[in-house]
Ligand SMILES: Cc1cc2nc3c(=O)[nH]c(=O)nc-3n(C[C@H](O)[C@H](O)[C@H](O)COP(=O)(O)O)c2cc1C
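Consider the single chain below, provided in structure tokens and representing the form predicted alone.
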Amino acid sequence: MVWRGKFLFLEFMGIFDSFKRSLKGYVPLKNAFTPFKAGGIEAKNRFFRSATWLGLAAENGEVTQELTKRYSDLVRGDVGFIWTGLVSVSPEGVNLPRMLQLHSKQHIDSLGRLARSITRAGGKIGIQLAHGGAMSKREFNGRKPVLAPSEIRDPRTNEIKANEISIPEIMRIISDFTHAAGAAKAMGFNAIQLHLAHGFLFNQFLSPRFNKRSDQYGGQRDGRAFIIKQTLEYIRNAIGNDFPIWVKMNCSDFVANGQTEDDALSLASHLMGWGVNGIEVSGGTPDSGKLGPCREVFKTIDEAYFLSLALKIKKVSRLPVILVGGIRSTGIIEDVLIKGIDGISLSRPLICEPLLVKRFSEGDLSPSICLSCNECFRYSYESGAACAQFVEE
């Protein structure tokens, strides 16, 4: 199979790079295991599990025993703070199979059990709230209409692929986010994170590629960001000032006519005033090709590929910033923290090695064995995320 050849190539590159670094010695983690206390979040170290869809929820969006086990493994592996995989706040916003949802009492009950389970195990957990917008899929959202900032038509057939969201629908979705945030606080989660990145609904509003509106939700930067400002104000008014609100945002969409670096810096400069406590910086969308969120990492120079833009976001936002994106080795981890980033966020490496952070803490400083091949997400679609290195086919 094609992917197997790619896997072998990446494995060779990873072994070669590990050999080169072994000659220099691994960098001890002096900063990564200091306590994190910023943006309303307290954790025993600087390692975060980035919100990652695993395809392990029930078909109706409830938490399963297997999903709870995966998160419990991260607690056992000494991950300081866990963000759940993305959780849909509106029924039509579901865009992936077996994706967590927060639309009903049953969802609240199952997510509440998850939060209590992780807390009892000594972990810290936040919930990522999202809406798929134009990425929503009718086969997963109960055949509901797909909504987007502006109408989208198939260029070949002229068929409508997504309907423009009306203002009443915008207010209803804002209400859904607000109710979900209130439920998350009541359920015992330690924080919420709004998904403003990776081509999801809020990112679509920020992007001229998707947002062609001429009302208060479109036009120039402030108009395209207005739905985010409004949502944050509603949520903050509902949950009070003592509960942490974080966002995951793109430093750039890395796609023509998308959200740019300047757009991102403008947004970041407003977030503190809009009630945000902290930022996780990512980048890219499904249309970004090799510049998407989950890039190939062949050697250490490829790691932390959003770092330079994340530092700019931290400067203009004056908020704590955690960074995701291809971080694999202890030298890069320490470098990122020394340069001023507050925390390290990991996704694929923790699918590959749930006990990675514990391994680091016990003195094994060899890099993550994750090959960045992205095959784990293929398994997410099929039966649940798994590392291809450990799956027999």
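For every residue, the number given is its place in the sequence shown, counted from 1. From a predicted model like this one, the values you see are computed outputs, not experimental measurements.
This protein has a second form, the form predicted together with this ligand, left out of what is shown; the following refers to that one.
Proximity of residue 354 to this ligand in the predicted bound form, heavy atoms at 4.5 Å: No, residue 354 stays farther than 4.5 Å from this ligand in the predicted bound form.
Distance check, residue 128 to this ligand in the predicted bound form, heavy atom within 4.5 Å: Although this ligand is absent here, residue 128 would touch it in the predicted bound form, with heavy atoms inside 4.5 Å.
Distance check, residue 247 to this ligand in the predicted bound form, heavy atom within 4.5 Å: The answer is no: residue 247 has no heavy atom within 4.5 Å of this ligand.
This ligand contact in the predicted bound form: residue 85, any heavy atom under 4.5 Å: Yes, residue 85 is a contact residue.
Listed residue that, although this ligand is not shown, lies within 4.5 Å of it in the predicted bound form (heavy atoms), from 90, 285, 204, 282: Contact residue from the list: 282.
This ligand in the predicted bound form reached by all of 191, 243 and 275, non-hydrogen atom within 4.5 Å: No: no residue has a heavy atom within 4.5 Å of the partner.
Answer range among 33-41, 330-338, 49-57, 357-365 for contact with this ligand, defined in the predicted bound form as heavy atoms within 4.5 Å: Looking at the other structure, the answer is 49-57.
Interface residues of 352-379 toward this ligand, as seen in the predicted bound form [heavy atoms, 4.5 Å]: Stretch hits, in order: 376, 377.
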